[in-house]
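What follows is a single chain, given as structure tokens, in the form predicted alone.
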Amino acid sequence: MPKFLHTADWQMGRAFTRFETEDGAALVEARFEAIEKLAQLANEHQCDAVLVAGDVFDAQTVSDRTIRRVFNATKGFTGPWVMLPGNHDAALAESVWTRAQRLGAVPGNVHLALQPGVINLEPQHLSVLCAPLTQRHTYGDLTEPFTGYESPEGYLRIGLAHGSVQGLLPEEIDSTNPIAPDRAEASRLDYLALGDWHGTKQINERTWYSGTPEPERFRNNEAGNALIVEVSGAGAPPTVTPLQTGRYQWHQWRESLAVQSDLEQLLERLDALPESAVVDLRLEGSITLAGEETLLKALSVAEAKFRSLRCERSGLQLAPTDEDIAALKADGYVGEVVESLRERQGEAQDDTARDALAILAGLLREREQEAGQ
């Protein structure tokens, strides 16, 4: 039974500049490890080939070192790899691919689909119908010629393309690099391996996006997988098995705090995340002084535990309780100011008074902590 691994959107050379230097370097390294993982899975599942549906590289200007490291990482699987240029690494007259060839970095078992057409893998009885992007954006369906492509008798017809299946993907991405939703049926394909959508997604029985093997953005779209595809013979429906490949899990939370239980539930969810988490947290609402102290301690622990944690707290207001104020031991003139601000906040819903009270309470708490040291 012919079997191959479908992957896409490696985005090698991507820089994670919004992260701390150490975290960004780890995220870059994880992408090279993902390629090695793909090679390992191809061996474990006795795959006949690995098909990469575009965007191997994140840009044409990646370093020579990155190019060499990418192809070095494929060496664990000695069967054929077919790599398709996508919109980030289009097959221009002068491109990252031509540079890779000049460097002598491309192993003999890696087939670069730099021109539209068919790559026949004879021992594997696979005909790979390729629709490489030769410019970053196109407005016609580059898979349309698949219908006229011939393949040897008994070979599986596998389409390999990079773009947007029209009418079926969210977020209004039906724009450039369109692909007809019925391409597999219209072109008699046994399977259509797609790239560009970074999450694993089934379009129909014979058409799938594999998604990126290592997540690289905060989107809940089933990223971090590769697909093992088995087809018993020409015309038979494929069996597609997603396999997890990602090392890091990306989580983006937008939370509103109002009562103590909101904070408790947030910290429970945070504590349940694995060490491989990359977390982007934005908080709004209100929190007591005691609650803020608990939150800051929990964030400090989480920062050391996770691969990365960033927390935006500018929308979170301090709302000191009677117990908080009593614990601050504000007396004399300061105590009178505190009470005045509390009255103004409570009677007129005065935002300025609320903010001033929060600032003053925070300063008093810091003074109390310094005095106790």
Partner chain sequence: MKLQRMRVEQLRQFRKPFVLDNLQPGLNLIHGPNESGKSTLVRAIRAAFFERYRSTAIDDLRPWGDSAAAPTIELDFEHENRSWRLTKSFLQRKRCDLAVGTETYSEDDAEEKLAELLGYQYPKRGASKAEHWGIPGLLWVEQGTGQDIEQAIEHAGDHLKSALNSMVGEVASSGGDDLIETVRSQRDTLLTGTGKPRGDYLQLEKDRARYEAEIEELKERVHKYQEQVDRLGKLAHDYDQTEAERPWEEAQRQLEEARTRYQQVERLEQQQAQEKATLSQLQRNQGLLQQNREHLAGLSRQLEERKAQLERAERDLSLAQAQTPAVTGRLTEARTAYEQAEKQRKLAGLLQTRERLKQDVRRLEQHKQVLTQNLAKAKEYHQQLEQARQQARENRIDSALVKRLRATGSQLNEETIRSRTIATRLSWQLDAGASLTLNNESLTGQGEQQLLEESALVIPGVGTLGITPGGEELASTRRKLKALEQNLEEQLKALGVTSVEQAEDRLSAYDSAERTLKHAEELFKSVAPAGLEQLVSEQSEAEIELENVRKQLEATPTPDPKQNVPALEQAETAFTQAGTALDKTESDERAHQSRLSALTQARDSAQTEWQRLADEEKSPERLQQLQQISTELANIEKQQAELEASLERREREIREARPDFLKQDIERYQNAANHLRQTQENRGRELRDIRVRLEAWGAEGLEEQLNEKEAELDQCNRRYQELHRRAEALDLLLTLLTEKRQALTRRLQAPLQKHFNHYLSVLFPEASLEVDEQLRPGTFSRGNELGQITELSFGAREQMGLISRLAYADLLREAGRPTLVILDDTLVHSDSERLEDMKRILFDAASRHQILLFTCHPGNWNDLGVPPIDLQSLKVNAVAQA
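Values in this document were obtained by computation on a predicted structure and should not be read as measured data. Positions refer to the first chain, counted from 1. In this text, rigid core is short for the largest set of C-alphas that superpose within 1.5 Å between two forms.
Separately, the form predicted in complex with its partner chain exists; it is not shown, and the next lines address it.
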- line: Among 144-152, 97-105, 232-240, 157-165, the stretch whose residues bring a heavy atom within 4.5 Å of its partner chain in the predicted bound form is 97-105
All of R18, R310 and G332 within 4.5 Å of its partner chain in the predicted bound form, heavy atom check: yes
query: Though its partner chain is not shown, can you say which of V62, V70, A34, V50 has a heavy atom within 4.5 Å of it in the predicted bound form?
result: V62
field: Selected contact from R217, K297, R188, R136, since only one has a non-hydrogen atom within 4.5 angstroms of its partner chain in the predicted bound form
entry: R136
Any non-hydrogen atom of E323 within 4.5 angstroms of its partner chain in the predicted bound form: no
query: Taking heavy atoms and a 4.5 Å cut-off, does L27 contact its partner chain in the predicted bound form?
result: no
- prompt: Contact between Q40 and its partner chain in the predicted bound form at 4.5 Å, heavy atoms?
  reply: no
message: Can you work out whether L121 and its partner chain are in contact in the predicted bound form, taking contact to mean some heavy atom pair no more than 4.5 Å apart?
response: no
message: At a 2 Å cut-off on C-alpha positions, does A361 qualify as shifted between the shown form and the other one after fitting the rigid core?
response: yes
